[in-house]
Every structure is written in C-alpha cells, then in structure tokens.
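Below you'll find only one chain, the form predicted on its own, shown as structure tokens.
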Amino acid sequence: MTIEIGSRRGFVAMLLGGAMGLALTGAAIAQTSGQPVRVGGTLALTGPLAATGMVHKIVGEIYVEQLNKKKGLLGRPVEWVLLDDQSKPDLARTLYEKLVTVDKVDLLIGPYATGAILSAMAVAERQGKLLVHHTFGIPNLAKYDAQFPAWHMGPVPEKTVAGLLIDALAASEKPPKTIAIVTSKFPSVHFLAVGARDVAKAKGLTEVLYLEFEFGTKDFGPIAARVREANADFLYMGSIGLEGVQLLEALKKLGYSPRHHYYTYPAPGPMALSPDAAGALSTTVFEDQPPFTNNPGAAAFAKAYKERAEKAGLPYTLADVQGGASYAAWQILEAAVNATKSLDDKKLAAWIHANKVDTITGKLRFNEMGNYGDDLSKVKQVQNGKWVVVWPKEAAAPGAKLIAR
C-alpha cells in the first residue's frame, strides 16, 4: 500500500484529526491529469470497531488504486481523504463536517457501522451532499433522499434477516424449538434482535431468554451464565465486532457450547478462526467463493484483497461480507460519476435513484424504503476455520451445507 498526503490541506488534516489522504503515486497517477477528485470519509481505525474498520480501509485503498489505473474519475486522479472516527458516532459527525467545510472534498463515502453512518448522513443532508455507504442496518432511519446503501438487506431486515436464518435452521437435521436472544444495545444489532423476537414467535420457536447488554461490555461472564442456564436450542446474539468471540470465550469457561448459534456483525477473522466458534452462523452478501466470484470483477477483487490482507497481517485474509459491501459502495459512486460525467451531488443522486447498479454483490436498486431494494442476504457458517455460504441452496458454496451440532 502506498500512502501519501495529497495536499497541504490533507497534511494538516492528518495532524489534527488522524487523517490519511490515500492516493497512488508514480505510473498510475501519471495516467490522469488535473486536480484530484477528493473523496472524503471516516472509518473506525481505532476503538472497539477497529478490527472491522481495517477491512474497509484495505478495500478503499484497493479501489482507489484501481480507479487511478483506469484514469480515475472524469480523467482526474482520485484521492481518498480518510479520517479516524475512533468508533465514535459523535466524532464521525464532527469529522464529516470538517471534510465538507474545511477539506472541501468533492464526494463523500460513508463510515463503518450504523451509528457513524447516521451521523454522516445528518451532515450530508445539512450540506446537500450525496452519501454512499456500506453498513447501515436500520432502513427506516434512512430519511435522507440522497443517501444510498450498498449492503442490501432489504427495506425490512428486522423481518427478512431473521426469517431467512430460521428457515435455514428449520431445514437442517436438528431444527431448533427454543431460542435465546442476547443483544448489544448497538443500534442496528439491537434493532434486528428485537425484530427477531417477533419472527421467532411467528415461526413457532419458544423464547427462553431475552437479554440486552451495553455496547462496549468486556465482562461476558454473567451473560454467559444466563445463556447456559437457558440452554436454548438456538442462541441468537445481536453482536458487532468482537462481542461474539468474547461471549464464546466466556461460555467455554463454563463448559458450555451452544447448539445453533448466530452473530449479527462479527469481526470476520476472529470469529472464523476462534476454536470455540465452529458452526457459528451469520449473514452475508459476499464471500470469496462461487457463486459470488462468478460476478464480473469479483474474483480479481478477492485476489487483491487476500494479498493486501496478508501484507497487513490480518488474521483472516478472505474477502467477506464487509469487504464486498465496501467494494460495492465504491462501485455505486464510480458508476454514478461515469454515467453523469459530473461531480454534482444532485445529478449523482438522481441517476442512482433511476438506475440499477451492477456490483460484485449483485444488481442493486434503490427504490424502496430508505432507498433499499431487494434483500440479497445469505446464511453463512464457520466450517473448518472459514466462512462458507450454506443457505439458500442455490447460493451455497460448492458442496457446502448447514452443519447441525
């Protein structure tokens, strides 16, 4: 990875706010001319969400390099002005204001996680800027007309995500009859967990535990004790980042392993590689495996991501849902600029509203609540130290199926 400060303004931003202006040097930049198109955004590079924020950072670097090799945007080089929001939504709001009013970026791309995206969305609306983002989980809160999600969970994921998951388990060799729901109060995971209660009841599962905990909790011992006591057939954990691994470690100390267990937004590597996470379930819109890698450009992206992740020392080097959604967000932005031949936010938003965009996660549309379209979610499972898609059958990795404990 080549990192440089593309301007004096970017250098000041780095000193004051942890900014990094990312751009290619040398041959790739030489194919472009003119003032750089500056794309501003933040990521959780430190704090409790940093393990996943680093995935999005790597993807953004790959995409900017690819853009510059293709003559950038509008024939101009692209520079990514990236700030560290430290996993804090309030700080993300301040930094997006700075990107627009001080750094004068041309375009915005969203941060990681729903809380930070909601903060960025408020700034984009106030400033009249387009915002493409990749990990927003509460469509009914996406009120701004010029924001567009790359992670396509559908307009009512509180119903469809849990429904997909329970349908997959119902088709397994050991379908569950009871469910324990444990959830972080992190906004999007809590939202989905509350919805899962209704879905589980409608599908005939008996709820034997419902428990909420504060985002940032580090001691999962008391929570693990409640989970073991409930002894449900299916543990649904509304989690983000490392929370799922932390609960599994606490359960191991109690000598308890859940039968079926699901985690909403796990840090991909730590969960896949945890010796306690065999059989763990989650949902996805992209994995480094067929049929996903049959999409144009997907195999090349997965290869580039693996190489970059290995150099960065990431424990899990396969591209997954986080990387796929992040790449798709950049694809949406590029497609709109190329189609309109413009950086005008209103023109870009109007084009995205009116068109479908081909991405590595599928063809995306933006004409339902919150500018969502189809729910493209699939169920994946940790098997032999990696994530594999297991449901629905037509989207499963070659030879893969859901394993019941």
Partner chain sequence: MPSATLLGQSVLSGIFAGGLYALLGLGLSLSWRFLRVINLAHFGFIFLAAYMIYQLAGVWGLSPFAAMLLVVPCLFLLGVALQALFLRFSINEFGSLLVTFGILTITEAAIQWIWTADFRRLETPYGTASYRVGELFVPVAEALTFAVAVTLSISVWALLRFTYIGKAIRASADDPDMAAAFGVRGHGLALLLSGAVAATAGIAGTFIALIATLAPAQIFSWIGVIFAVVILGGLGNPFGILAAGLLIGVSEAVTMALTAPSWAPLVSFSLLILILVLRPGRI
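These figures come from a predicted structure and were not determined experimentally. Residue numbers count along the first chain shown, from 1.
Omitted from view is the form predicted in complex with its partner chain, to which the following refers.
Would you confirm whether the three residues Pro48, Arg226 and Glu249 all fall within 4.5 Å of its partner chain in the predicted bound form, going by non-hydrogen atoms?
Heavy-atom distance to its partner chain in the predicted bound form: all three under 4.5 Å.
Heavy atoms within 4.5 Å of its partner chain in the predicted bound form: which of the stretches 327-335, 263-271, 135-143, 160-168 has them?
Looking at the other structure, the answer is 263-271.
Just to confirm, with a 4.5 Å cut-off on non-hydrogen atoms, which of Gly128, Pro296, Gly313, Gly75 contacts its partner chain in the predicted bound form?
It is Gly313.
Would you mind picking the one in Asp90, Asp198, Asp219, Glu173 that has a heavy atom within 4.5 Å of its partner chain in the predicted bound form?
Contact with its partner chain in the predicted bound form is made by Asp219 alone.
Lys253 versus its partner chain, in the predicted bound form: is there a non-hydrogen atom within 4.5 Å?
Contact with its partner chain, yes.
In the predicted bound form, is there a heavy atom of its partner chain that lies within 4.5 Å of any heavy atom of Pro275, even though the partner is absent here?
Yes, Pro275 sits close enough to its partner chain in the predicted bound form that at least one of its heavy atoms falls within 4.5 Å.
Taking the shortest heavy atom distance, is Met54 within 4.5 Å of its partner chain in the predicted bound form?
So Met54 counts as contacting its partner chain.
Does its partner chain get within 4.5 angstroms of any non-hydrogen atom of Lys306 in the predicted bound form?
It does not: once its partner chain is placed as it appears in the predicted bound form, Lys306 has no heavy atom within 4.5 Å of it.
Within 4.5 Å of its partner chain in the predicted bound form, counting any non-hydrogen atom, which residues from 176-214 show up?
Going through 176-214 in order - heavy atoms within 4.5 Å of its partner chain in the predicted bound form - the hits are Lys185, Leu211, Glu212, Phe213, Glu214.
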